[in-house]
Each structure stands twice: as structure tokens, then as C-alpha cells.
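First, one chain by itself: the form predicted on its own, in C-alpha cells.
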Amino acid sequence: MVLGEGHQRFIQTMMIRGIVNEQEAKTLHHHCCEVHKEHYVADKLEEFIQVVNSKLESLNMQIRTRASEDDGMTCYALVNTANNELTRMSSDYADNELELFRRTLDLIMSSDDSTASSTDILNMADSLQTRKLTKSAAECLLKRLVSDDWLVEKQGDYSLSTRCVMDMEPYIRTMYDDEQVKVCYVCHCLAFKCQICANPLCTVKIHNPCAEKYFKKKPVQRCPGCSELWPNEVREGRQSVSQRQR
């Protein structure tokens, strides 16, 4: 399939928006084809994206799909496939802002609950090696990172957004050791908001939406790794032994 003007408009829109949900992707697909009077088939979104990705490959970029860790909804994101730098962010943020983001990422990766407090982040602002940031400048940067959909803020704690997890996955897998990088047993994607097995000798971790799907038809919830009773609460009214989520 030849790359048409509709594909190019799709790429341009994704470069601006970064991430869309499944319905938004379908609507955008239809819009791009309609505007440029190109053949549109509703159930051919994946084939359409394959053509788009053939163009993006040489730019070390790709449109990927992944279920949100929060609600399991499918998302489409334009991601960086290079694994050594924060490529997508380098044109939008200054060097000291990127340094603070990297340090924030370090805090998130080393924490038990995959979050970093605003206090800990702001305390690092005046010790940056590139150039110090004032507290007010750091606060503005955090707001911008949330607005640009790289971070999520909840009650003063910051975590990685779905877009960030998708875009930064190669970087995270390269820069952090295996003990810091959590991977979902079911979908094999990075896991930040996940449930873990209570067995201290077991390393199984499962996204909340993945756990819901995995245990849906099982009469007894047992860890797929060690067969111990699964201690976490799973939706749809299933009974849990206890709750231990990260």
C-alpha cells in the first residue's frame, strides 16, 4: 500500500497529540481518508497504521498500541524506537529540564509504588549538574510535564503516563537493571501500576486490567508462577485473601 496524503496527515496529527485512545484513532483514520478523498475501510485501521509505520521506521519512530495500566483501554502512541536518549523530549525541553526529568524517572524506578513525591523532585532542582532550577521553575516544569502527558500527578505524587511508558520503554529497559524494571507476566509489557505475588520467592507481577482478564474464568485465583493463592483484589466481585498492590 502506497503512503498517501491521508497517512501523512495521520502522522502529523500523532506528532502533535502523541497519544490517542482507540476511538480517537478510528475517528482520525476516517477523517484523514475523508479529507484527502482516499479509500476508507472502517476495519482496516491496523493496515493503515502498518503503512504509516513503514514511513516512520527510518526516523526511529513507530505508532504502537498498548492497554492503559489504569483501565485496560487500548491506546495508540507515537513512540521513539531508539533506546539511548530521550529523543522525543529533546526538542521541547532544555538540558536542565531533561536532567530533572531523568532524576524524577530515577526516583520512580527505585520506589516501591512507582511514584515520586513533589517534595523529593523539587529538592533536586538546585543540585542539577547542567544548570540549577529555582523551585518555581521546577514547579512550572512539573505542570508542563503533566500537561504534555509525560507524567501523571495525584495528590502530590508523580507517576509515568501511559504515553511515557510506551515511548520510554526502550530507554527504561536499557538504562535500568532487572530488579528495577517490572514486567507484567501476562502481557510482557512494563508494569508500574501492578499487583504482585505475596510469595517472597516469586517474581510475578500483573497489571490490574491484565489480572482481571487472566483470573476472569478461573474458579480459584492462583499465581501463574508459583501456584500460591493470589493475594490481590481482582474486579468483578471476586473474593481476595488480602490486598498487596504496587
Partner chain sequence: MCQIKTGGSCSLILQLIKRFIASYTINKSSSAGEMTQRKSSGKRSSTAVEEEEDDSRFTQPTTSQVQKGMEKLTKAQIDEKTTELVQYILMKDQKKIPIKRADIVKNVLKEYKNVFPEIMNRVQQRFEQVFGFKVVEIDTKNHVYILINKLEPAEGSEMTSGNPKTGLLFVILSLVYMKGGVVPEGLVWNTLKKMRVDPGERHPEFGDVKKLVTDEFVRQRYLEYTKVPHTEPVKYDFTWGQRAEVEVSKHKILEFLGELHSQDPQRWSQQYKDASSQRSSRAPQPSTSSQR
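Positions refer to the first chain, counted from 1. This structure is a prediction, so every number in the text was calculated from the model and none was measured. C-alpha atoms forming the largest set that superposes within 1.5 Å between two forms make up the rigid core.
The form predicted together with the partner chain exists for this protein as well; it is not shown, and the discussion that follows is about that form.
Screening 175-183, 35-43, 65-73, 195-203 for residues having heavy atoms within 4.5 Å of the partner chain in the predicted bound form returns a single hit, 35-43.
Remark: residue 222 does not count among the residues lining the partner chain in the predicted bound form, judged by a heavy atom distance of 4.5 Å or less.
For residue 80, a non-hydrogen atom is located within 4.5 Å of the partner chain in the predicted bound form, even though that partner is not displayed.
Taking the partner from the other structure, the partner chain in the predicted bound form has a heavy atom within 4.5 Å of a heavy atom of residue 59.
Mapping the unseen interface onto this chain, residue 15 counts among the residues with a heavy atom inside 4.5 Å of the partner chain in the predicted bound form. Residues are counted as partner-facing when one of their heavy atoms sits within 4.5 Å of the partner chain in the predicted bound form; in 96-121 not one qualifies. Once the rigid core is used as the reference frame, the Cα position of residue 94 differs between this form and the one not shown by 2 Å or more.
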